[in-house]
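This document opens with one chain alone, in structure tokens, the form predicted alone.
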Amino acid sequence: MEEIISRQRAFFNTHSTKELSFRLEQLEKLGHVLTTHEQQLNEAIFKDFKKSPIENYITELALLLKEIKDIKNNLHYWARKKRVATNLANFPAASYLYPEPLGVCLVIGAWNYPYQLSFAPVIAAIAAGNTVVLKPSELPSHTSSLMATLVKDHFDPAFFTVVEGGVEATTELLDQKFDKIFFTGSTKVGKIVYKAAAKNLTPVTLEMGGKSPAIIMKDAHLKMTVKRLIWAKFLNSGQTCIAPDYVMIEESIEEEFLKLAKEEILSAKYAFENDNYVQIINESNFDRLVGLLDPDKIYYGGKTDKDNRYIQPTLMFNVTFEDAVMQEEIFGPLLPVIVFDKLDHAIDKIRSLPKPLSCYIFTRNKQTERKLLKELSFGGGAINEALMHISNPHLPFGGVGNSGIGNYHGEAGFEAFSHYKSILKKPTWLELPLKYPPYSSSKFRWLKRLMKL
């Protein structure tokens, strides 16, 4: 590990990565690798998840290719020095912000979207001019192995390399001195990463999760709400950090919602053979999810098959915040439905929990929309939609509190891996004497005036 980082630091110190032409060339190369090896990428992720080529493209590859395209179109603008206003006390002068790369960066990817959540931060780090060590999750072993092979075959390891392994490899990496650490995963592991980074005062971005609510009001367009919500929940079998974790719904429309939700699940025909459903990542998570199923509270679904790591899309009703399914982030195809009679009660309950990564509000009432946006704190979300905010590169993506620290995607990703040097530039043809001794009451009066401007 020390040798890897030493080689990358030496390469970074050649200043090659600071050239925009170099960054654009590396991004072009990564895009080419993803495009020309799409078949291999499909085969590897199918072995890990049974994820189909169409879902692999929609949820992983397309987002990465779009990110690369957007960065290539905007990098010259993001990376240039930016002139800012100068106060009168510094007259005559000009002030600038110079973005510069941080250095050697560690990216720790997540298992649920192994390509997207590994390569998206890498793309941002390269765009900002850094070198990168990528540690993908070991759980989807085929995708991890393929990413390591592709990067090894196409990139100089002194610039970009992949380190495979489990907890021991991650722990050893965290013992090293990096200039930036970017982590995607659980809050529990995020705290470990944060603690390790603190030893070297290394800046971090933590992309974690939490119990993201979907709030449905009786004035919502219920049929469209159900269509969008069911797709968002059961995509990737619910193994999505921004999936709606649970529904809070006005009591008067619960029955109709459950009926429509069941119909939508049946209409979608979720199954491995229909290319629209995936396996639970491993037996451990399968067993954890099965343990959250309360047979008395299953409205629809609940069937399981351990041999194939399959859990049927499941709707749960009569759920309370004391139930097991509400004690942790679900991260699977179980959707609990909780009713409320007054919106303020629902808001109070959500606010009593750790701040979620996402929140989805379904209403046609502008006043209700404003109230929820004002009174609830969360990373990001949508009105009358779910999940799709992640697809807009102009919206910074990240959490707040227990759900994360920092943002990325688009320009926010460039900023996450950059330091902005503040520079004041003064000419030498004029220098006002006010700041220099000897001081006088007259100088003091003028200084007070200038410092207020």
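Small disclaimer: the values here were computed from a predicted structure and weren't measured. We number the residues from 1 along the sequence you see.
Just so it is clear, the following notes concern the form predicted together with nicotinamide-adenine-dinucleotide (NAD), a form of the same protein that is not shown.
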| task | Select, from the options 221-229, 323-331, 147-155, 252-260, the stretch whose residues sit within 4.5 angstroms of nicotinamide-adenine-dinucleotide (NAD) in the predicted bound form by heavy atom distance. | result | 323-331
| message | Within 4.5 Å, heavy atoms only: does Tyr360 come near nicotinamide-adenine-dinucleotide (NAD) in the predicted bound form? | response | no
| message | Can you work out whether Ile298 and nicotinamide-adenine-dinucleotide (NAD) are in contact in the predicted bound form, taking contact to mean some heavy atom pair no more than 4.5 Å apart? | response | no
| query | Would Glu138 sit within 4.5 Å of nicotinamide-adenine-dinucleotide (NAD) in the predicted bound form, counting heavy atoms only? | reply | yes
| Could you tell me if Ser186 has a non-hydrogen atom within 4.5 Å of nicotinamide-adenine-dinucleotide (NAD) in the predicted bound form? | yes
| note | Residue within 4.5 Å of nicotinamide-adenine-dinucleotide (NAD) in the predicted bound form by heavy atom, from Ile350, Ile311, Leu117, Ile71, is Leu117
| query | Among the candidate residues Leu372, Ile108, Ile215, Val162, which is the single one with a non-hydrogen atom no more than 4.5 Å from nicotinamide-adenine-dinucleotide (NAD) in the predicted bound form? | reply | Ile108
| request: Quick one: name the residues from 170-208 with any non-hydrogen atom within 4.5 angstroms of nicotinamide-adenine-dinucleotide (NAD) in the predicted bound form. | output: Thr170, Thr171, Leu174, Phe183, Thr184, Gly185, Ser186, Val189, Ile192, Glu207, Met208
